[in-house]
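Below you'll find only one chain, the form predicted alone, shown as structure tokens.
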Amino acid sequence: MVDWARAQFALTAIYHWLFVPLTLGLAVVMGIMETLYYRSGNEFWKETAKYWQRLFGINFAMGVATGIILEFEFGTNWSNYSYIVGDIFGAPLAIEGIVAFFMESTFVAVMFFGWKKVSKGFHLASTWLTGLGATISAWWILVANSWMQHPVGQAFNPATMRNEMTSFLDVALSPVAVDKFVHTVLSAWVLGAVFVVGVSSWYLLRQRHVEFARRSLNVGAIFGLIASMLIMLSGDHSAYTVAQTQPMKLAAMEGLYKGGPDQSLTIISGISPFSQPDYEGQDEPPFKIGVPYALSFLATHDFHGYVPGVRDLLDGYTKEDGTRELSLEEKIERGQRAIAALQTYRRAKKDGAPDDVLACLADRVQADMPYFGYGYVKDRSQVVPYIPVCFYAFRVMVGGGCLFLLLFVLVLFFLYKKDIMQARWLLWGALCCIPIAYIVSEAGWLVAEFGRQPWTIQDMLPTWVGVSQLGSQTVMITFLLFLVLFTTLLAVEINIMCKAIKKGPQL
């Protein structure tokens, strides 16, 4: 049941994320195009904006269809999770639906159907507000996801058996949420820019709509270059945040079995992609090539900083500030104490114990509550993410980001210094980068979600505790139905997008 529930959620999330980044990226591109029309009055920019808005609309509709199903799965497949933390997790999702989604769905209608019905200024505002609504929607969804990665602003109430919010601002503005939002939106901008550059390159290869393609190529490459440089800065800060809040994820991303000071950043190593490596018997993977001191700097902002590996986190270690990180066995013991104390509290409350007794028992629960989730762990291997996926997906993400940065630089170089029509190899390369951009984008999510395993909520609730009490066959059947449905939707979207691209702008 746990495996099928995870597989279904992964399927839905992966398909949903095929549509979201292009929506966020094209939202900015079409806003830039219409701003150029508003400032210049040139009808060329109006038709250019309408063309990219048309592609945005096709993609936007498909993203909504998959996103709604994703939220329902919390109630169907993860009902224990939803019951325990719904008071917190539900708040940002509710705000996303009530505020952001209604905002973007309202202004998207004006954007598509209001060209001759509202003023140029109001229409321009509607275009930007559509993009802003989509971005705000992403913000609240990422706040919810970030809370799962780093639960803050909450406290467990033993009387209700639920986690309750104590500070909305702590939840909404946690460092993890801010970092994840900035990094994710910037990655979506890069994908949108790659899409614009790739589609424009296709027109140049076919020698169709050459002026439209050149100008779109210019806007897309400049936008993509700026986003690529910003994402490098956000990536650095994200790595530091992960090191502070989810050190096991960082160790899995790096294939770091035995940590220490002066750690190098691994470029590549001989980790098998098909099986969990022997992190207990090896100090490091074979054939490791890395950048000296770089990992220590990313994780601690100190070239000689201490970075724990998988074994350090399992065995316990002393931090640089002198505090000690407990071993897994100690965390399990404290988690079991928290579970036992909670059971004692529940029995006492049922038997009508005095308030002072209940308060004393509640304090015993809270004393070990940070390790509550570990009380359900039976084996050391359960708390180690699947290292090959984390390790290689991270390198696909970083390598792809470097590739796109190079692409944007080359495109701008040939646009301004050479004749890009003669660089057919570059135009073909830009076109091929469109599917690569989607692979890179999905790889980023794989790192974020596989690296968090086995936790639905970091250190608080393992997957096998948060799942619904359903038969695995039920979820297996719906998994297969969703697979067929989403694949059909994707095929339909690709077909409609290709037809719209082949038709071209109405210039």
Partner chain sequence: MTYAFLQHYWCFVVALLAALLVFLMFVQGANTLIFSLGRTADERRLIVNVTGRKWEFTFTTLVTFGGAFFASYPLFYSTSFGGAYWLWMIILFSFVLQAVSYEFQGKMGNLLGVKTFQWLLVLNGILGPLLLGGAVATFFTGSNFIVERENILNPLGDGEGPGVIISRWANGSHGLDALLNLWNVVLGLAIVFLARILGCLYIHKQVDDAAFDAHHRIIRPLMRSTWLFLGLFVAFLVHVLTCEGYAVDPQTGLVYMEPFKYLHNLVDMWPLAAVLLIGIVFVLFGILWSITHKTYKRGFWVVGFGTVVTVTVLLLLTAWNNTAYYPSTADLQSSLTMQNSSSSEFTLRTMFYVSLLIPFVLAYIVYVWQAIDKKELTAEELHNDHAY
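The shown structure was predicted, so the numbers you read here are calculated from the model rather than taken from an experiment. Residue numbers count along the first chain shown, from 1.
A second form of this protein, the form predicted together with the partner chain, is not displayed here; the remarks below concern that form.
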Any non-hydrogen atom of Phe413 within 4.5 angstroms of the partner chain in the model of the complex
no
Is there a heavy atom of Lys117 lying 4.5 Å or less from a heavy atom of the partner chain in the model of the complex?
yes
Hey, in the model of the complex, is Asp315 touching the partner chain, heavy atoms inside 4.5 Å?
no
Met161 near the partner chain in the model of the complex, any heavy atom under 4.5 Å?
yes
Quick one: from Leu427, Met248, Val196, Val108, grab the residue that has a heavy atom within 4.5 Å of the partner chain in the model of the complex.
Val108
May I ask you to choose, among Tyr203, Phe181, Tyr392, Phe74, the residue with a heavy atom within 4.5 Å of the partner chain in the model of the complex?
Phe74
Full three-residue contact with the partner chain in the model of the complex, heavy atom 4.5 Å, for His16, Leu18 and Ser381
no
Just one of 476 to 484, 35 to 43, 434 to 442, 22 to 30 has residues with a heavy atom within 4.5 Å of the partner chain in the model of the complex, so point it out.
476 to 484
Counting only non-hydrogen atoms and a 4.5 Å cut-off, give the residues of 77 to 109 close to the partner chain in the model of the complex.
Asn77, Ser79, Asn80, Ser82, Tyr83, Ile84, Gly86, Asp87, Phe89, Gly90, Ala91, Leu93, Ala94, Ile95, Gly97, Ile98, Val99, Phe101, Phe102, Met103, Ser105, Thr106, Phe107, Val108, Ala109
